[in-house]
Ligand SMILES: Cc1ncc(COP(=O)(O)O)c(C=O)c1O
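One chain comes next, on its own, written out as structure tokens in the form predicted on its own.
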Amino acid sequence: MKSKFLFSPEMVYLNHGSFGACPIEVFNDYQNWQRKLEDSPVQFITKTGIEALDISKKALAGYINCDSEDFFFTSNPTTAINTVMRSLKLNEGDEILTTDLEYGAMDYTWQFFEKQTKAKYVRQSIELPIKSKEHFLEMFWKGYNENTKVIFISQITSATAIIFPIKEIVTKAKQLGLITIIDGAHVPGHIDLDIKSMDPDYYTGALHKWLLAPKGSTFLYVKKVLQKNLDPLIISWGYGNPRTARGQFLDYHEYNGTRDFSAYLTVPSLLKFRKDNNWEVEIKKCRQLILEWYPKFCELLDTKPICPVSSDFLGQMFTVIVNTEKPIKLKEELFNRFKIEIPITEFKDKYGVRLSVQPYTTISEIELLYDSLKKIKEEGVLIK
């Protein structure tokens, strides 16, 4: 399977969760769209590329189960959440409820919003290890009060790799009349995603992590009743002089200046690759490897799992706590000495090694990570 990707042959890539990997077949499709853009820029940007964009959106809509008119592409989830954030109409004292396990860039985004609006970003503490869904939900909703207006939460956390029970959170939030903004950066192509069934107000998911798209490809879904209230992050022709029949929502957000949107057009190609290579079957094996190896790594590093070792909380990655005072040095050691690309994450004053497993990951690579950490631990300098 690894031969179908563009990896440097000497590198062991165990960090799919950060930036993903694009198959050669999909990357060639991506470059083919770029060539078409350069062959006839005006026709591509105004006609043929837009037609291809509609085809790609319909393919993705079928995969995530929503209408293709209810989302647009953007470069990354950070941009998507910034778009939503800038259109929220909150007052001083209103609260956005989240967890203390969210992606750092999102914390910064909401801290900026706090300064601008005097609203309050509430990072509800989540005790680790999480014992059950009920345990998590009990902890999370302790942060709710009469001032809470918005729920912002990851479906799969970045630093801890834990799957949160988002369906249950969205259902209760609707009963309480709250706006739900879901950061699903790690979800598409990783675990099942059914937008209509979940029914969030806003949902963003990256295509370039687990779904195998080229870098810089993400979608932002917005519930129909909220679309007219979403201002564009960039004001351009679609705002003041719409020339299409696509409607205000797409005019506002899909026409925001000259750009290369070729990455957005590869969804049919990547879905074909996944089908041709039995990807859905193969990733089930990856999930099983995660469940098998997580306890082994915990034992090696003298720690315990931070959530139940089950498919309810873990997909194709786990984070194991590592006792180190030099996380950057540890990451560099793993790469420079063993050629292992893997992140050292930080959460709740702890550090963790986050392992991602894809069908191109071999057992020998996981064993190399295990043996490398064991050797570093025995040396007693970077791991205690």
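Numbering starts at 1 and runs along the sequence shown. All values derive from a computational prediction rather than experimental measurement.
Just so it is clear, the following notes concern the form predicted in complex with this ligand, a form of the same protein that is not shown.
Proximity of Ser154 to this ligand in the predicted complex falls within the 4.5 Å heavy atom cutoff. At least one heavy atom of Ser158 is located within 4.5 Å of this ligand in the predicted complex. Put simply, Lys209 is close to this ligand in the predicted complex: some heavy atom of it is within 4.5 Å. Of the heavy atoms in Thr78, some are within 4.5 Å of this ligand in the predicted complex. The three marked residues, Asp70, Phe73 and His253, fail to reach this ligand in the predicted complex, with no heavy atom of any inside 4.5 Å.
Only one segment in the set 99-107, 136-144, 285-293, 299-307 has any non-hydrogen atom within 4.5 angstroms of this ligand in the predicted complex, and it is 99-107.
Scanning Ala185, Ile181, Val222, Leu314 against this ligand in the predicted complex with a 4.5 Å heavy atom cut-off leaves one residue, Ala185.
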